[in-house]
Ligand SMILES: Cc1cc2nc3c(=O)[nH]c(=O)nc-3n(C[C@H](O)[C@H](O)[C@H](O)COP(=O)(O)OP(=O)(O)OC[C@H]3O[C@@H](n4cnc5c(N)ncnc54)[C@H](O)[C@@H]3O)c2cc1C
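The chain below stands alone and is given as structure tokens, in the form predicted on its own.
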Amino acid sequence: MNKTADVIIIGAGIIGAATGYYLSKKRLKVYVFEKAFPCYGSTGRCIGGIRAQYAHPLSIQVMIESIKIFSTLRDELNRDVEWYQGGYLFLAHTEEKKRTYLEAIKLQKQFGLPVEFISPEECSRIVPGLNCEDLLGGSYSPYDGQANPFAVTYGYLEGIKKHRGKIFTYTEIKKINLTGEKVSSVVTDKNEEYFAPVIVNAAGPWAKKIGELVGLSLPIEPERHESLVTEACERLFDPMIVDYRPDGCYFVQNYKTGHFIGCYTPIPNDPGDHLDASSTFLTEMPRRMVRLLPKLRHLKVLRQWAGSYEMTPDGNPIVGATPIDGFYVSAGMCGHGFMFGPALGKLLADLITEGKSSISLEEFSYNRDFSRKELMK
């Protein structure tokens, strides 16, 4: 077997799959290594939401591009990725949150995003039955949507294989070899060596550990989050509902199946990449959902699970080159990897092959100032 590729990618989640796909379309031979199965990390555990409503200019630009890609993926990958443009509704229950959304909307509109701050009455029109107690309004964009993380990721991986690439599952990278200051090969847990002049760290929750293999200290720390899915019911509304109160939550109804899927950010945060599910979440999440939408009170929970957000100090990803020649990072997605994946994959592929991308990723660089935090979280 030929053990030499043009690019080696570590991680077969959405980031690794999308990056590999766009590199392979440029006729590069791509090898993807995954320690378990595709989507084993964060991608297969996310709830599938996709939005451009951010407070960071680069995140807005990247997500507008990503949504353009999502809207054409059915034809690009020749499979139904279950893209549905149902929108996002961010609820404001305090004046402070309302001001945050209004400031973000000003910025989002500069990039052409269709978004408005709407009244509680308009919120309840979009989400019939919404509990509007203490609600001051919401930031709503119909541009946002949802898709199936498995369908998208596996579609990209199939595309890599069609372009003479290979996917190595249940194969963990244990060592990265350098020649001088440049990457040259990886060694797997099967003690096999594969060679490439370019290596991309797309290892999600394990990105920091992969960085350590070349002596880099990446500021990426995994945090455990939990999610659940309910039984299906008749269609009730379209958008993802986001309630950022300390005891809030986010959930959306799958447009195709009618199941509700949702999660919340635990307080305090739960560091580490462990995946145990808790009885606290199983009782607390339904309570929070029913508080927002009382008509859900009769729905049964089918399943809960845990996954990782890979957090950076400012809540934005780390994407681009590093001080190690040939070693690139696309990680630290802070819970937004699925939605960022298509655009970041395409932009990073351009950066690797052409030395620049159509949208500059400089503000996501490894050596940036991490003091500017994303506020739409």
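All figures in this text were calculated on a predicted structure; none of them were measured in a lab. Residue indices: 1-based, along the sequence shown.
Missing here is the form predicted together with the named molecule; even so, the following discussion is about that form.
Looking in the predicted bound form, any heavy atom of residue 336 within 4.5 Å of the named molecule?
-> Contact check for residue 336: yes, within 4.5 Å of the named molecule in the predicted bound form.
How about residue 222: is it within 4.5 Å of the named molecule in the predicted bound form, going by heavy atoms?
-> Although the named molecule is absent here, residue 222 would stay clear of it in the predicted bound form, with no heavy atoms inside 4.5 Å.
Does residue 148 reach the named molecule in the predicted bound form if we count a contact as any heavy atom within 4.5 Å?
-> Outside the cut-off, so no.
Answer with yes or no whether residue 172 is in contact with the named molecule in the predicted bound form, where contact means some heavy atom within 4.5 Å.
-> Close contact exists here: in the predicted bound form, residue 172 approaches the named molecule to within 4.5 Å, heavy atoms only.
Counting only non-hydrogen atoms, which stretch in 345-353, 22-30, 314-322, 39-47 is within 4.5 Å of the named molecule in the predicted bound form?
-> That would be 39-47.
Candidate from 115, 210, 160, 199 lying within 4.5 Å of the named molecule in the predicted bound form - any heavy atom = Here the answer is residue option 210.
Though the partner is not shown here, which residues of 194-228 have a heavy atom within 4.5 Å of the named molecule in the predicted bound form?
-> Residues within 4.5 Å: 202, 203, 204, 205, 206, 210, 225, 226, 227.
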